[in-house]
Ligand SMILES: Cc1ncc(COP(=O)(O)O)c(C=O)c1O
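Quick setup: one chain, the form predicted on its own, written in structure tokens, and binding and motion questions come after.
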Amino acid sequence: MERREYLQIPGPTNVPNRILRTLSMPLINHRGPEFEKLLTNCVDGLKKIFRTNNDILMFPSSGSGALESAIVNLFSPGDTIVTACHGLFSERVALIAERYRVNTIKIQKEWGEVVKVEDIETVLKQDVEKKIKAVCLPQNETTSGIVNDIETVGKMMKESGHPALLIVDVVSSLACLPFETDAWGVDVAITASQKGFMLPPGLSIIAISERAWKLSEESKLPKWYWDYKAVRAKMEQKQLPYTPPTTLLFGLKESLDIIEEEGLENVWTRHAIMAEATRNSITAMGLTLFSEVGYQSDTVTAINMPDGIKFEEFSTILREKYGVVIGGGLQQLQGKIFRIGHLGSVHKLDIYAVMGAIEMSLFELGYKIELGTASKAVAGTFLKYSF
């Protein structure tokens, strides 16, 4: 019998039926008036999600491609940037920059720890010659399930008077966690389609400030596909420089409508409650959270594997018996943690079902627990709220 599969990895996320239906729409002429209207509606809606008046650019690409686009458009060989390095995805920015001979000052943290404002402030104060061009960090590091305090970082950078740009990876946080591009002084915000926007992968989106545009005038790195100026010029004509992912734009327009109907602040609240229920259930079962206390993500929860239980056996029972797919640890965390994604289209009964399946799977593998503990913690969390 066909059954629903709960895709509870940190992304791609479950795609709602409304969006699935929209993705099956017939293609349109990407040089015609229908596409112009579609692109305009998407850009207008995206500005509301980013909370910005800045330019919006789009690329047919993964989020990693968009990270590379920021490097090649803003910097030159020999420039210096600061990069947070506390997980696979934050470290990727440094790898890309170094490939293009951009110098990196790495703020190195253990995976599971956050980069605090004091760490960045110290580096900027030491830069008396103001050579640092930008500070790059993620709002949400899915490798370890932590959230960096972008608001405080942006405030500090503005008050410091240092000219460095603030570049933020919001791939796994935008349309899920509170984020204010303009109010927080973020110059470049980078996201992709397969997380909070509840779409398949393949579309990356960038919000870019006037300060970032000015710095781009100095860039000497080669680019063609990633050329921000070329994309902006075409988007002003309601087109893209190359064949766009029209189907994903159909889905994006539907996603933006869904978010607007719920209300963006309500979306943020829902994610916070889903995350709280997940964490409460985990701790009620006697498991321990991997991420730094007080900085746990509201889109993905990272949990230490209990002693004597192997991730492969655990995830196999979850998938084959209960139809729940979770994420494992990456690289140095492989086999040490498991990760539950709760972002995008996720609601109360989804969490109730997923945590119940996790509890039963652990019980089958010999983990000592009183059955019903997980569901009691989830229900107790939800019943605290009228939401």
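None of these values were measured; they are calculated from a predicted model. Throughout, we count residues from 1 along the sequence that is shown.
Here the subject shifts to the form predicted together with this ligand, a form of this protein not shown in this document.
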{"query": "Residue (of R211, K106, K131, R92) lying close to this ligand in the predicted bound form, criterion heavy atoms within 4.5 Å", "finding": "R92"}
{"query": "Heavy atom within 4.5 Å of this ligand in the predicted bound form - residue from S172, T181, T83, S144", "finding": "S172"}
{"query": "Which of 136-144, 214-222, 109-117, 278-286 lines the interface with this ligand in the predicted bound form (heavy atom within 4.5 Å)", "finding": "136-144"}
{"query": "Heavy atom distance at most 4.5 Å to this ligand in the predicted bound form, all of G63, L67 and K195", "finding": "yes"}
